[in-house]
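Just the one chain here, the form predicted alone, laid out as structure tokens.
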């Protein structure tokens, strides 16, 4: 009968190299999540979500599902700890990021006092496109709220509180900026009138449906209960066929929705918001595309990151 070889884990501060904790008789099949839980017992204020453990101070953090005996360490392992700061769950993050823009926009749409001149308080715009823009904006963020509660599965459990504050400032601030101009009493409708608005509306609806379809597909990727990782593939839903050409069609549809909203409103702040969003989503999409390509040897070579055949 073979004896179990236990591990010893020494945890040092990544900055000062001071020893924070020494864990004795750690099971070889323990995961990084298990080690974080043991560390938490010694330092209750550093709950697992706040912890980042690394094998070297400047390397990337170890994943929670990595197993101790599979790491390139001996039976006496040294890990470096970094405090990630206060954390908030991803569901709360998305709720905060979505509820803010939704309510902020409505404040400008209903022209509550002190936003515009007092003579315009609680008045409404005579332009149908303004009402349509409000409906589209509200629909977009209501869809995101519903997806956050019922659809999304988050691979990372939390986000640092300081990042949440920055993200909320970005989303809430831009929502207020574009809402100010779209609902302004001096706002002028698009140059090509109803034709421009109607075409943009069709594209907007198509992109929103496409975005929702992709999120459902990603959510169902492990719906069979399998723990094996798979890359997303198109199914019978035509909106998912974009997976044939890009790795992150959810971002493609998201950008398309905001481009159509920019055309619908013909508003410069919306166009700027769309451009900044496209740049950020391109960075995310490229990162995801590289990860897919590294992990799966049979990953389709035709796929690009976010724009078919181009980017």
Partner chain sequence: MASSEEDGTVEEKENNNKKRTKSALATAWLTFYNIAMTAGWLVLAMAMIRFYIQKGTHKGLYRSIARTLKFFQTFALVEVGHCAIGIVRTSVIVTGVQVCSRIFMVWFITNSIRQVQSEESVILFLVVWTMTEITRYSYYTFNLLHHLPYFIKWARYNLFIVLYPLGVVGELMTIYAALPFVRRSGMYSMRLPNVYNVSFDYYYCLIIVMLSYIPLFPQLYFHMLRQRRRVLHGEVIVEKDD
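Residue numbers count along the first chain shown, from 1. Take the two forms, superpose them, and find the largest set of C-alpha atoms that agree within 1.5 Å; that set is the rigid core. Keep in mind that what you see is a predicted model, and the values were worked out from it rather than measured.
Just so you know, the form predicted together with the partner chain exists too; it's not on screen, but the next bit is about it.
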{"property": "188, 237, 220, 123 - the one with a heavy atom within 4.5 Å of the partner chain in the predicted bound form", "result": "188"}
{"property": "Selected contact from 82, 152, 166, 229, since only one has a non-hydrogen atom within 4.5 angstroms of the partner chain in the predicted bound form", "result": "82"}
{"property": "Partner contact for residue 181 in the predicted bound form: the partner chain, 4.5 angstroms, heavy atom", "result": "yes"}
{"property": "The partner chain contact at residue 53 in the predicted bound form, heavy atom, 4.5 Å", "result": "no"}
{"property": "4.5 angstroms heavy atom contact with the partner chain in the predicted bound form for residue 35", "result": "no"}
{"property": "Contact of residue 267 with the partner chain in the predicted bound form (heavy atom, 4.5 Å)", "result": "yes"}
{"property": "Answer range among 258-266, 242-250, 273-281, 22-30 for contact with the partner chain, defined in the predicted bound form as heavy atoms within 4.5 Å", "result": "258-266"}
{"property": "Large Cα move at residue 54 between the shown form and the other one, threshold 2 Å, rigid core", "result": "yes"}
{"property": "Threshold 2 Å Cα movement between the shown form and the other one for residue 290, core superposed", "result": "no"}
{"property": "Residue 84 C-alpha shift between the shown form and the other one of 2 Å or more, rigid core reference", "result": "yes"}
